[in-house]
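In structure tokens, the next block holds one chain alone, the form predicted alone.
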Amino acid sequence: MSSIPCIPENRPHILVLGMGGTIAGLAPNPGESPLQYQAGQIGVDSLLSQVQSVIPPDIKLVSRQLANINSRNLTDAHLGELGLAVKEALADPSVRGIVITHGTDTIEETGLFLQLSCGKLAHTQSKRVILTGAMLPSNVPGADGPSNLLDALRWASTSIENCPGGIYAVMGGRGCMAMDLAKRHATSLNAPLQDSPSSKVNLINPSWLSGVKAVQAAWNEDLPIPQEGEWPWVEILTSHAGAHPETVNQWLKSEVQGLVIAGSGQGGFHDAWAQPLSKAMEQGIALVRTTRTGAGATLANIPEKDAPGCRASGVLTGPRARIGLQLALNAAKQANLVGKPLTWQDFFARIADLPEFR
């Protein structure tokens, strides 16, 4: 690990994990084309140096670069390494909190993954894990990364009465539970938190905290992180006008273990897919329905009755439902290995039925 400033790692500190993304990006012509850039070009130490002069002196930092990628290229292996690093840090008494710099394109997948694999541990250890990123590369005028990073560091390190440990996100002066992240706009500076049900400017608002505590009370056991090479293969298919059965049929010949159907409206899918999806379930392929609209809940047995091998996603978007299904399939496999007769539906129900922010 490197540190800004250099301190012994056994002293109390905030751990900053770098994953790359736009916050670490560089634009070749920053004054002319700020949206033309390469993500993941500078290290997390360089990001911290941009805010070092305004970091409160009582916040001691240790940084670690896990990856430096465009987050659209996030892999299962990246998630696994990040999850293990977070679990290790949460168990370390010298770590007061954790900040993760991340690309916004897939930050919603990482947010749900960390909630499902580390959320209970973060809560019981009373530590905050804060995801943050940026919509503008680091070298353009008005770059939003430094202010987002500073907000994340402050929140991770500040003792806020009644604000529990957990997995959160901060961007654009707002915060939310990380499991509620979704990039809802292509260019807005607050895109990952825009219209997020749990997003608040005032992070210690009593009504917001009651929602946080309700979710944390319901999430009583973290799911295991799949070993490298053992992540279940799950794909997302979007139902649309003119859909062809071949879109589903081609997956029946593969080793795919789950399909997330991003359906129209309330999560319905084209009639042309009914027969091949039935065959998929007969072959043991797990099926989850969600909505392609990007908001609202997908409810069980609406608009039609769900087959036994199908589960509605609740408020999970397609990308988050995919992560949830991967972890549910793996958890069921691990449970069966130790003689617990649990199904992926048992685990996915715990995820999809978590309390909603309203």
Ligand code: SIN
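Each residue number is its position in the shown sequence, starting from 1. As the structure is a prediction and not an experimental result, all values here were calculated from the model.
Just so it is clear, the following notes concern the form predicted together with succinic acid, a form of the same protein that is not shown.
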Tell me, yes or no, whether Ile69 is in contact with succinic acid in the model of the complex, where a contact means a heavy atom of each within 4.5 Å. yes
Thr104 within 4.5 Å of succinic acid in the model of the complex, heavy atoms: yes
With the partner left out here, check for me: in the model of the complex, does some heavy atom of Gly21 sit within 4.5 Å of succinic acid? yes
Indicate whether Ala39 is a 4.5 Å heavy atom neighbour of succinic acid in the model of the complex. yes
Students should find that, of Ala280, Leu79, Val212, Met135, the residue having a non-hydrogen atom no more than 4.5 angstroms from succinic acid in the model of the complex is Met135
Residue within 4.5 Å of succinic acid in the model of the complex by heavy atom, from Lys120, Lys183, Arg174, His270, is Lys183
Hey, of 31-39, 305-313, 289-297, 327-335, which bit sits against succinic acid in the model of the complex at 4.5 Å between non-hydrogen atoms? 31-39
